[in-house]
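Form predicted alone, single chain, as structure tokens, below.
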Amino acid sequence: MSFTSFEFVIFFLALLALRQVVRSNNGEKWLLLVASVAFYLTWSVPCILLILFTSLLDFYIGRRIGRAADPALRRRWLIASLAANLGLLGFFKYSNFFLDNAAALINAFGGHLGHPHLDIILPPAISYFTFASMSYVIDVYYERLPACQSARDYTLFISFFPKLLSGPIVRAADFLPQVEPRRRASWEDIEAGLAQFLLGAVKKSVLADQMAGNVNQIFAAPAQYDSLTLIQGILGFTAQLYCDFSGYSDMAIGAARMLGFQFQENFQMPFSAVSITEFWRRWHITLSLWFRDYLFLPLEMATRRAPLPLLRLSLNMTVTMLLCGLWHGPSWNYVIWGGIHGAALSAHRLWVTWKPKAAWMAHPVYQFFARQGSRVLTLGIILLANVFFRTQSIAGGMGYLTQMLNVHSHGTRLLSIYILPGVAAVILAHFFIDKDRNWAVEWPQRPLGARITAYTGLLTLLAIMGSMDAAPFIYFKY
């Protein structure tokens, strides 16, 4: 049951109606939990047991850590939680990746292992709910928040359906306090949530899904197309990925807000960034903050006595992004994607701290060209990394880049009536809209006539230009 399906609309309206019948806060929590479980069951019946197991295990461990006074005992419980979560994530998501690479290594040295493969179901959303659960246990261990005392509330935090399948990665410290009082959305919340949901639906159905067909066509056989078409393909995929994923985030945040819950924004005009560092402050914000707080900063603390601070910082950034790449999927192309971003983040850090540059920075000519050049360089890095993100293999990525950079290639030229307008729409939005504004939040403050016009326009776009063949959200597989 996808957010863009008719079934979800019926499901959500029924949930809103049932909430009006329930008279107690406890009853409402049970209703939201049952609804969340039912939502997940439409994606996987057996894997609901994994979510319930993870929830109850970390709820129990969190309480044990909260009650323990002995630091060694608290540490053992923390290690037990991390081992369980990472073990489950590794088994379900990375078992075959490790087996394939082990077999390839053994065969390279003369062995005859073949290609072992385990028939494992990948539980939907496992990367998201394990990260959310781990962050809770870590925060309890470091006494950033008290241990949750209700198994129901904690299970609701893990399984809450708007953010379950593809985020945002909401933290317990932000979610659990919101279930203490009875949640009631104001009319402003409902309107702002509906506006954000509609914006997300337009991004997904009108832009991402319409571009998907031609993007898939180009990436399916890049050797058949000329350089211009391949450039169009990677631009189209980058715009498609943004519209698809930020569209899901908008719909998740909007649905939650209509239920009275506030989630952190997950995208803030990332292609308006003037550096790769700023890009990662605006792209998949909740994942970026998760890796910063629970991986990068601990690495920095663990290596703080190492010599050459800039080199240490660069290495820690690169390691963080390599693991961020691997988080996306069990394939080396994602590691390459993370490595490109890690190297770019490290290079930017070295550049901004390079002392000889300080004498130039005050000059207006330098400021202009540095700003515009940085925008172009940042976009180039994003496009380069996305080639490997999309092609699913290192060889495929290298082949795509080789063909794309061969300006004398004589392949077929495709000028897509879907990709070109979609890319133009994304560029214009990033160029004309203030990158720190959120229109959905602002709309309830506008005059009634302007709001009616805006909502009518969004619904008209969905009705006339929305894709009839809704593709699954790209990040569902991560």
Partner chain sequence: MSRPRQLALILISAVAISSLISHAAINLLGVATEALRNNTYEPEFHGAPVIVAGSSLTFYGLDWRTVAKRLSRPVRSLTTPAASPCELEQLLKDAPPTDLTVIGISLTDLNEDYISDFRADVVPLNQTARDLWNSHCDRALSRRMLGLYPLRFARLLYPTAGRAVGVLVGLRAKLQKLSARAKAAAADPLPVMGASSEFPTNRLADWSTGRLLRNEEVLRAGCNNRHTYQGPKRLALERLLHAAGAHGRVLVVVMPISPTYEHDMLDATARQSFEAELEEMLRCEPKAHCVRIDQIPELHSGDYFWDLCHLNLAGQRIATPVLLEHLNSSAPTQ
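Positions refer to the first chain, counted from 1. Everything quoted here is computed from the prediction, not taken from an experiment.
The next section is about a form of this same protein that is not shown, the form predicted in complex with the partner chain.
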Requested in this report: Sort through 259-267, 285-293, 220-228, 88-96 and report the only stretch with a non-hydrogen atom within 4.5 Å of the partner chain in the predicted complex.
Outcome: 220-228
Requested in this report: Give a yes or no for L13: in the predicted complex, does one of its heavy atoms lie within 4.5 Å of a heavy atom belonging to the partner chain?
Outcome: no
Query raised in the report: Is N26 a contact residue for the partner chain in the predicted complex, using a 4.5 Å heavy atom cut-off?
Result: no
Requested in this report: Flag G213 as yes or no: does it have a non-hydrogen atom within 4.5 angstroms of any non-hydrogen atom of the partner chain in the predicted complex?
Outcome: yes
Query raised in the report: So in the predicted complex, does any heavy atom of R451 sit within 4.5 Å of the partner chain?
Result: yes
Query raised in the report: Pick from V335, L235, L384, L194: which residue has any heavy atom within 4.5 angstroms of the partner chain in the predicted complex?
Result: L194
Query raised in the report: Going through 1-34 from first to last, which residues have a non-hydrogen atom within 4.5 Å of the partner chain in the predicted complex?
Result: M1, F6, E7
